[in-house]
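Given next, in structure tokens, is a single chain: the form predicted alone.
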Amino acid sequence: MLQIRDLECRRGDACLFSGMNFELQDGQLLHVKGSNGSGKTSLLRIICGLFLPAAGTVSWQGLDIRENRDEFNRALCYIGHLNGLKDDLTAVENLSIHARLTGTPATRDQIESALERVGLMHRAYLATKVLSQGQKRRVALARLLLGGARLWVLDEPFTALDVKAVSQLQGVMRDHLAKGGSVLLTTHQDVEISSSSHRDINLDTWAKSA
């Protein structure tokens, strides 16, 4: 379980949000909404431990993530705006390196299966520099299917994806939720996940109390 308590985020002299409290349980999807500049990316980076809040805590399984860093990292898969790919390497090579760096090495079959699930097996052995932006995004998103992370934190995951790829990603998220995983994401698109666990929060609401 992810717990956010009295979280405050500042950018220079501006307070983006304060007094934020929410929880994300197993099997839940939380869609973070808000106007441009409301702090959506900052919130996700704080939750992942990449940016320190001005106040408040982020806890995983009841422990502050700063005290529980290794366990939290094993449970987390974060995909931000940047795909984080090496252009001269193939999709398979990029995913193999990522898996080793996260401490969960993947077999060739597992990597190919992940690429097949996101509809990119036919480009698996091409250098990623020749792929389109949407194809590169799908390589990055294939990481979700490797390593068994319970918590997915996704910043605009649908960017550059075509209609078919959007549907495939929604299916991947739906399966993850059904298995008890959790998803926290920002997106300007509607998230069509048929689940009673789907919740929304709007950062504009929190900003009004800042």
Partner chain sequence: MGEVSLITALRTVVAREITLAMRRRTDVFTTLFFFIIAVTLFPLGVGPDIEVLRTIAPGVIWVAALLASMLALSRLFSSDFQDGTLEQLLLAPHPLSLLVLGKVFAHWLLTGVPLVVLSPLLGMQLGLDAQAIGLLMGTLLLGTPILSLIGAVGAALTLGVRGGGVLISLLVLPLYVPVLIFGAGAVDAQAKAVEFGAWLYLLGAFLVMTIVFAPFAAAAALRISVE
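Numbering follows the first chain given and starts at 1. Model, not experiment: these values are computed from the prediction.
In what follows, reference is made to the form predicted together with the partner chain, a form of this protein that is not presented.
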Can you work out whether Val163 and the partner chain are in contact in the model of the complex, taking contact to mean some heavy atom pair no more than 4.5 Å apart? no
Residue contact check: Glu93 to the partner chain in the model of the complex, 4.5 Å heavy atom: yes
Test of understanding: in the model of the complex, would Gln135 fall inside 4.5 Å of the partner chain by heavy atoms? no
Quick check on Asp88: any heavy atom within 4.5 Å of the partner chain in the model of the complex? yes
Using heavy atoms only and a 4.5 Å cut-off, determine which of Leu144, Leu177, Cys48, Leu151 is in contact with the partner chain in the model of the complex. Cys48
Considering the partner chain in the model of the complex, find the one stretch among 181 to 189, 23 to 31, 56 to 64, 40 to 48 with heavy atoms no farther than 4.5 Å from it. 40 to 48
Would you check whether the partner chain, in the model of the complex, lies within 4.5 angstroms of a non-hydrogen atom from each of Gln170, Met173 and Arg199? no
Residues within 4.5 Å of the partner chain in the model of the complex, restricted to 83 to 106 and counted by heavy atom: Asn83, Gly84, Leu85, Lys86, Asp88, Leu89, Thr90, Glu93, Ile97, His98, Arg100, Leu101, Thr102, Gly103
